[in-house]
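Take a look at this single chain in structure tokens; it is the form predicted alone.
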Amino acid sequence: MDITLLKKNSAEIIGFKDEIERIREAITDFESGQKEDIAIISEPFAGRTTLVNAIEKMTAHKVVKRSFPSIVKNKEELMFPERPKRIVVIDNCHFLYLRAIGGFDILEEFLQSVVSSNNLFITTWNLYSWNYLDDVINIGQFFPIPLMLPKFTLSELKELILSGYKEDELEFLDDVTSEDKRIINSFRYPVTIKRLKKTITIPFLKINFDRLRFRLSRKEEKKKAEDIIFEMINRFSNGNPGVAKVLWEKSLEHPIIKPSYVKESSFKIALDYTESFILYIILSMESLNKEDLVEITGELKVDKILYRLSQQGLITVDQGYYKIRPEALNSLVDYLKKSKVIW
């Protein structure tokens, strides 16, 4: 899954200005005789495909493009027209290997073609696959220009989301109550003492961290519902544009959106090591069918594990291919890091 980062009715891409400029420089250098191949790297839903599509349009008369939708198992898929001094754009290069014995042959052949070719290669990679391959085969040595796609800023996310709507099409309504605006609220919690057969209430305080953040801002009094909503989406998505768009679409009751409509996705993740490893494999490959998962892991109870991951809201299935659920991305990455499955 990728997202659209283009302004509506425009060819102008949102975000990645520095990355586009660096790619332009590499193309100019290539035309002057200096070849430095490029790896564009990011987590899922961060806009790799949209970026390379924009690059293709920039240099349409010079580009040969290939996009892999799933794991490549036939070397013939690596064949490109013999046109020297061309720009070769290849999307989803994490599909060029299978994390299993004998699963690196196609990737090795591809890398050999990269270093021996006179063409300039612009490639895209899943961040977690890239990190694994860099540890195992030092893949970074093949791509002198690695571009790690940055998180979107608040203003970029806002521009991205609003670019799909007409001016004044949306209504941003403030529904923050006076109680919601308090930083500290007091509550009384009932506690039963069994031995005395008596229930008492214990007072405690709850801090509203969202309001505290707003209060610490000098512009707090000027904040409108629109500002609050986009700050929440930016924070909940951790600057990932694809995740932000999903959160927005779930929150919007067209044409109305309110701060209370924007909910941070919550996941109670409880996995054993095998389940965590399979979740990591899906995260790093982005789209896998059951047969590929069995081949990679050797796990015969994949059906049961996929069901568990689905029940916890972490993955989705589309025409037999399992993928990470966008809203769950940040939660599951945090979980896998704490579990030492990734680092």
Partner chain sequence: MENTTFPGVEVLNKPVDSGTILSLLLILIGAYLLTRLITSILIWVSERAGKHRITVKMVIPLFKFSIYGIAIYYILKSILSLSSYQLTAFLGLLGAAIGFGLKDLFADVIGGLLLIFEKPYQVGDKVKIGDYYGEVSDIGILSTRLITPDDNLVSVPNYLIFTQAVASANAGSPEMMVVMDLFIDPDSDAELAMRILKEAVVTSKYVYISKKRPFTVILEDYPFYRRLRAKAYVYDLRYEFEFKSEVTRRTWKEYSKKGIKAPKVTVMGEKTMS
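Residue numbers count along the first chain shown, from 1. These numbers were taken from a predicted model, which means no experiment stands behind them.
This protein has a second form, the form predicted together with its partner chain, left out of what is shown; the following refers to that one.
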| query | finding |
| --- | --- |
| Touches its partner chain in the model of the complex: Tyr132 (any heavy atom, 4.5 Å) | yes |
| Contact test in the model of the complex: Ile101 vs its partner chain, heavy atoms, 4.5 Å | yes |
| Contact of Glu299 with its partner chain in the model of the complex (heavy atom, 4.5 Å) | yes |
| Phe277, heavy atom within 4.5 angstroms of its partner chain in the model of the complex | yes |
| In the model of the complex, segment of 261-269, 248-256, 92-100, 116-124 with a heavy atom within 4.5 Å of its partner chain | 92-100 |
| Single option in Asp105, Glu226, Glu159, Glu77 placed near its partner chain in the model of the complex, where near means a heavy atom within 4.5 Å | Asp105 |
